[in-house]
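Just one chain is shown here, as structure tokens, and it is the form predicted alone.
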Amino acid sequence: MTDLYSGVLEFYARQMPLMEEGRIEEYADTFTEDGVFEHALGWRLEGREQLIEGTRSGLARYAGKALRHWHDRFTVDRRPDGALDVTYLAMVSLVDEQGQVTFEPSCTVRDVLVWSEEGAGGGRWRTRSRFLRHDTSDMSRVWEGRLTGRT
């Protein structure tokens, strides 16, 4: 189990910087071809094309800021079919050009990872589904640190 847990942590250590660095196609490739990214409030991206479009659109609001995802409290459970149920907590920090740091509200993320032989380079984990729920119900205050009252 230790090797599995370490492999899962390494997967996320490689996945999230792809998005943060704007390498959106490479980020989308860490999902299965039919992968789903869904938010508790009802939006849903299905398949890599929607994931690419939705991620590109979503990242536009962070222009001029350094974006970082911080993850903690991972649980990893193997399903009978070999897929993994992974749950973790996440926060997003933003640093503007003046060095001002803001945080978006924390969230709980539930992923299903599957082993995939797709593509070059042999097998690797891919996200089949991601479900995200922010720890606030007032989504108008989520983006760009508005939970702290900043606009």
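Start at 1 with the first residue shown and count on from there. Note that the coordinates shown come from a computational prediction; the quantities given were computed from them, not determined experimentally.
In what follows, reference is made to the form predicted together with a further copy of the same chain, a form of this protein that is not presented.
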TODO: Using a 4.5 Å heavy atom cut-off, state whether residue 104 contacts a further copy of the same chain in the predicted complex.
DONE: yes
Open item on the list: Against a further copy of the same chain in the predicted complex, would residue 129 count as a contact residue? Criterion: heavy atoms within 4.5 Å.
Closed with: no
TODO: Verify the contact flag for residue 73: yes if a non-hydrogen atom of it lies within 4.5 Å of a non-hydrogen atom of a further copy of the same chain in the predicted complex, no if not.
DONE: yes
Open item on the list: Residue-level question: is residue 33 within 4.5 Å of a further copy of the same chain in the predicted complex, judged on heavy atoms?
Closed with: no
Task: Option from 35-43, 22-30, 60-68, 110-118 whose residues, in the predicted complex, bring a heavy atom within 4.5 Å of a further copy of the same chain - done: 60-68
Task: Residues of 13-30 having any heavy atom within 4.5 Å of a further copy of the same chain in the predicted complex, listed in sequence order - done: 13, 14, 16, 17, 20
